[in-house]
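The chain below stands alone and is given as structure tokens, in the form predicted on its own.
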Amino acid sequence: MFGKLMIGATALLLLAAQVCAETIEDKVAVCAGCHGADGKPVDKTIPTIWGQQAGYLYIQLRDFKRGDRKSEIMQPIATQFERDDMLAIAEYFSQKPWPDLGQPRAPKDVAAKAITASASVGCPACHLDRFQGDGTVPRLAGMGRDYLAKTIADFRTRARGNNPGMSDLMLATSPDDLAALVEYLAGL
């Protein structure tokens, strides 16, 4: 809990400086406080944004700004941005290299279960065969294990409401299959 309070306080302090930011580097400086200066998030429940799809990043910023996606930390930050800022920030991070979070590959039996579950749910139809995503669909390959688990849980409880279709898919998938998917995707 203390770590999240510190992250929130840091983000809010940086937010004040960001209001006067002029360059893209100035505007994204606030992001490093949580998402990591090297692309590795400081809290494992925070998503990796370096190398993520630009369209997806833009939509998330837009959804935070509109209140369609809830976050006590991200909403105040996103409300400061205009559309052009959000597009530029999304493009900036999409051009960064995807960081290696050092997560081990899933064991063969877990990977097999995950691949079967993925095919059943239809994950590759949007996230593509190697889970790299495209356009407005996020990359999941190599995403942090804790973030993936939290996101799935948030979709299942509908705490994350900016993609109702994902909530429906996560609710229709067994917890065991979802746990296998987390392990598999994190290790890609």
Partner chain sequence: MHVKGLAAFAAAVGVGLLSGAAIAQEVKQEKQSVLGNANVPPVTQEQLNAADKNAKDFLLTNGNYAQTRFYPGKQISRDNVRNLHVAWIFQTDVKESLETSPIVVDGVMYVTTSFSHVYALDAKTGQQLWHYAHKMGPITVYCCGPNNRGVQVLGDRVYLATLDSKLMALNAKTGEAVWTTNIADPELGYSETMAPTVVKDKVLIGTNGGEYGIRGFVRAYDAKTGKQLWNFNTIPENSVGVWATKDATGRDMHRNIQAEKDMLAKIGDPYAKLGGGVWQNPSVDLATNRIYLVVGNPSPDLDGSNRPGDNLYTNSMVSLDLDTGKYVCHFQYIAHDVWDLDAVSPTVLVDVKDKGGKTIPGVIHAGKTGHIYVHDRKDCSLIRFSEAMVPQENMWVLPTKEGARMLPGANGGVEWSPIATDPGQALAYAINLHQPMTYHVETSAYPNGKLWLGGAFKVIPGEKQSGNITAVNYNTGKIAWQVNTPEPMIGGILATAGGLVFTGEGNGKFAAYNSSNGKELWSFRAGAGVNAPPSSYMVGGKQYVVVGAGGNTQLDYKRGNNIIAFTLD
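Positions refer to the first chain, counted from 1. Being a predicted model, the structure only gives us computed values, none of them experimental.
This next part talks about the form predicted together with its partner chain, which is not shown.
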Is there any non-hydrogen atom of L171 lying within 4.5 Å of its partner chain in the predicted bound form? yes
Consider V110 of the chain shown here, and say whether it contacts its partner chain in the predicted bound form, taking contact as heavy atoms within 4.5 Å. no
Taking heavy atoms and a 4.5 Å cut-off, does L87 contact its partner chain in the predicted bound form? yes
Should T136 be counted as a contact of its partner chain in the predicted bound form, where contact means heavy atoms within 4.5 Å? yes
Determine which one of 41-49, 142-150, 26-34, 124-132 lies within 4.5 Å of its partner chain in the predicted bound form, judging by heavy atom distances; exactly one does. 124-132
Are all three of Q53, D68 and P97 close to its partner chain in the predicted bound form, meaning a heavy atom of each within 4.5 Å? yes
Residues in 144-171 that come within 4.5 Å of its partner chain in the predicted bound form by at least one heavy atom, in order, are R158, N162, N163, P164, G165, D168, L169, L171
